[in-house]
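Next up: just one chain, as structure tokens, the form predicted alone.
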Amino acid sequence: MFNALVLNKDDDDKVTSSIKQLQESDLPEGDVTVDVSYSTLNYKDGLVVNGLGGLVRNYPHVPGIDFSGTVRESSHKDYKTGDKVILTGWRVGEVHWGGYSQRARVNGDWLVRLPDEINEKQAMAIGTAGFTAMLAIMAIQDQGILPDAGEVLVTGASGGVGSVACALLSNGGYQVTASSGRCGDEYLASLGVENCIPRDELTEWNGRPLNKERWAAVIDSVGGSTLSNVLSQLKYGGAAAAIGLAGGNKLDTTVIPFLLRGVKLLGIDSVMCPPGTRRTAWQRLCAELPKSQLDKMTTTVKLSEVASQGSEIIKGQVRGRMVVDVNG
């Protein structure tokens, strides 16, 4: 028997959660069974736990879009008992049962070996959010945007993706400006942020297709009117990496920035990202993200606290990275 956070939906479509004891026979099909050590709390997890967004179709359901742990049993050619592994994406925690459980069973093709440079808790301190931030940075660098290009804006900078993006960019020599509702907080400065602008400055778009050139690149986790604004403010040849929609999924813009300034809008998908790119991203995260900064942005909660914290994260009240100790 093992503990898991289980979601159920009643006849009125209300989703409730509770910690339940499950048996291994309850787990879904898969060729690798993992003793889970840690998971994390992401914005998407907050939606799932609160029954929002239509991400889960079948109940009962075990959420948690990522996890780290130790292989318990395996019939997969690449993994054996005792291997340390990470899982992010592949719609685990949405379509497939996820990491808010002391045990998980998944397709071994979805796993990545835990790098030697980090432990299981650090892997989830990085988690889906940090992995996504690295993909966004790789994407803007693929466009030739290097530190001497000018300021890079990170929206939603106090959140999980934003925090890791700020630390990675600053450590890589970029001049980082944050957009946040916590500009007076020393937390952002501790991640290497040089300037901060209140998020309200970017939430109202003036409708002009081009505004003053400000940013060499943008890593945007907000979407909506914020992304509309920053597209009009990108420098010639700049790029915006879009990784989230906390501020809405509607984009009100024109083709003018793309035609007259040659800017790029780069969509970042961490869910179905190919295995080779995944391995590269994790290698770079281990090499480029200072562990001291990772510690500053991380808090740890118990499995029993996920439901309450899930409500807070969708309100924008959770700062940095939140690791879930499923055995705590």
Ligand code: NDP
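So that there is no doubt, residue numbering starts at 1 and follows the sequence shown. Keep in mind the model is a prediction, meaning the values are calculated, not measured.
One more form of this protein exists, namely the form predicted together with this ligand; it is left out here, but the text below deals with it.
The three residues 42, 199 and 313 all sit with a heavy atom within 4.5 Å of this ligand in the model of the complex. Stretch 126 to 134 is the contacting one of 211 to 219, 126 to 134, 230 to 238, 249 to 257, since its residues have non-hydrogen atoms within 4.5 Å of this ligand in the model of the complex.
Although the partner is absent from this view, residue 182 contacts this ligand in the model of the complex, with a non-hydrogen atom inside 4.5 angstroms. Using a 4.5 angstroms threshold between heavy atoms, residue 159 counts as touching this ligand in the model of the complex.
Within 4.5 Å of any heavy atom of this ligand in the model of the complex lies no heavy atom of residue 146. Using a 4.5 angstroms threshold between heavy atoms, residue 168 stays clear of this ligand in the model of the complex.
The contact with this ligand in the model of the complex, taken as any heavy atom within 4.5 Å, belongs to 243 out of 191, 153, 243, 87. This chain lacks the partner; the member of 285, 268, 62, 303 within 4.5 angstroms of this ligand in the model of the complex by a non-hydrogen atom is 268.
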